[in-house]
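First comes one chain, alone, set out as structure tokens in the form predicted on its own.
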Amino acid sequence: MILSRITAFLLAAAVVLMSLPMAALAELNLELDDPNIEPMPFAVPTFVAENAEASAFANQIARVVAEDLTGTGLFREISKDAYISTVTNFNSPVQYADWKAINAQALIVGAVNMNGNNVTVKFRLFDVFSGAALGDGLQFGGTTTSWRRMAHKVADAAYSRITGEGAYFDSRVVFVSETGPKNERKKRLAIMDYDGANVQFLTDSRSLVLAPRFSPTGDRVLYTSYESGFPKIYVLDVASVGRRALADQPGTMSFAPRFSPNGQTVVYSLSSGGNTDIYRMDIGSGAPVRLTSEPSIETAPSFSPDGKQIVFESDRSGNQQLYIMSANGGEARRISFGTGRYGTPVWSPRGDLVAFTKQSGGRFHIGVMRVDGSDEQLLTSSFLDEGPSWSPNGRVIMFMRESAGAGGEVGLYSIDISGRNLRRVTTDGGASDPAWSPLLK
């Protein structure tokens, strides 16, 4: 009797499994919170060039896809020297046995087609061990000048399907490009792809610029300039590189600006009469609203994703700590209680964490904590780490690192919120003050 029940159960389970699509049975996934995670082996054969003109882009696009995935620290590309199969037709059946033999768990197959100046890229993602495609294939289109974006979109789709995380490769970073010796640094705003490609300069180096910050739509940048001799906030249109100064109050200095989530207001610090407070301004009207009034330095404000709260740094307790208050001002609650000084807080796009800079024990750290101040984790430690900025999916943090000594080399680094995969971001020369854009449209 018991045996017959077990048999009936197994038969029923088999029927259910057989009724599921193959993609639902795929085991291709990564548990990103596993501290002992092993990078997933994957293969990206050169994309198929569907006409002669496309051959110039087929290999380049596949290379960028591979570099995006490998750069996360979660994936390991299998060398083409190990391939048994080749892919010469996008629609050919996958020879799963050949890819299993070289231990590829994920296979990305793509094709490129050109028509004049237009490029079309299509791809499919396969779970090798289950012998199934993960979802339907996708197709992206653009021009010859945007082929890297299409590669990032392919990598984003593969990354999201395997990890369950949001995308972030198809994004940009605005930063301060630095040249010259440490005591005579020249600084200008620059913008680049998240991986350091396609650098474009937005300002010249005739005046000091600091703290660029993207709008929620990525089309504008706020920054602080000292061209008048005093810090003043400007808003710059990325496409036209046109700019205008935000309204200011005579005899004051304004700095550390950030957009609200709706892009219509700006929160910033204003220094007047020896006191520094946080203000909010409607970009259209230029009308300022004072949010703090403590006899202390309040600065580095950052909105929560829903726009209802602001995290900021203040020395009202005697040294720099982090506080959260309503976006309309009022009473603030302290959230940092560890030893050392805390600054430059930035709210995660997910809303669950705050990234910050911490100075403790003669070292600088980039860290994260929950918005109630719990679960503080220090992700880095060096002579000088500061200025964290979140990736669009809230998984990776980019920041500035400066080395010790008279040379004081300064550059950009990124790290996963688990503390894994510390990487230098490639830039031509020194770089500081990174700010990550939202995903591009």
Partner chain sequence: MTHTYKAIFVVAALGLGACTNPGNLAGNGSGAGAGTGTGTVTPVDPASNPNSPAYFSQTIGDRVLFAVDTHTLTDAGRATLTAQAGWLQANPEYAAIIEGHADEQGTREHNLALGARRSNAVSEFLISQGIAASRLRTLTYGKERPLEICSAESCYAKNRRAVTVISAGAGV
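Positions refer to the first chain, counted from 1. Here the structure is a predicted model, which is why all the values come from computation and not from measurement.
Although not depicted, the form predicted in complex with the partner chain is the subject of the following passage.
Proximity of F201 to the partner chain in the model of the complex: non-hydrogen atoms within 4.5 Å are absent; the residue sits far from the partner.
The partner chain in the model of the complex is not approached by I37, whose heavy atoms all lie more than 4.5 angstroms from it. Taking non-hydrogen atoms only, R149 never approaches the partner chain to within 4.5 angstroms in the model of the complex. Under a 4.5 angstroms non-hydrogen atom cutoff, the partner chain in the model of the complex lacks S85 among its neighbouring residues. With the partner omitted from this view, the residue of P93, G116, G273, G330 that lies near the partner chain in the model of the complex is G273 [heavy atom within 4.5 Å]. Between the options N183, S285, S240, S79, the residue in contact with the partner chain in the model of the complex by a heavy atom within 4.5 angstroms is N183. Residues placing heavy atoms within 4.5 Å of the partner chain in the model of the complex fall in a single listed stretch, namely 382-390, out of 382-390, 65-73, 368-376, 51-59. Taken together, D156, R220 and F259 are entirely out of contact with the partner chain in the model of the complex: none brings a heavy atom within 4.5 Å.
Scanning 288-303 for heavy atoms within 4.5 Å of the partner chain in the model of the complex gives P295, S296, I297, T299, A300 in sequence order.
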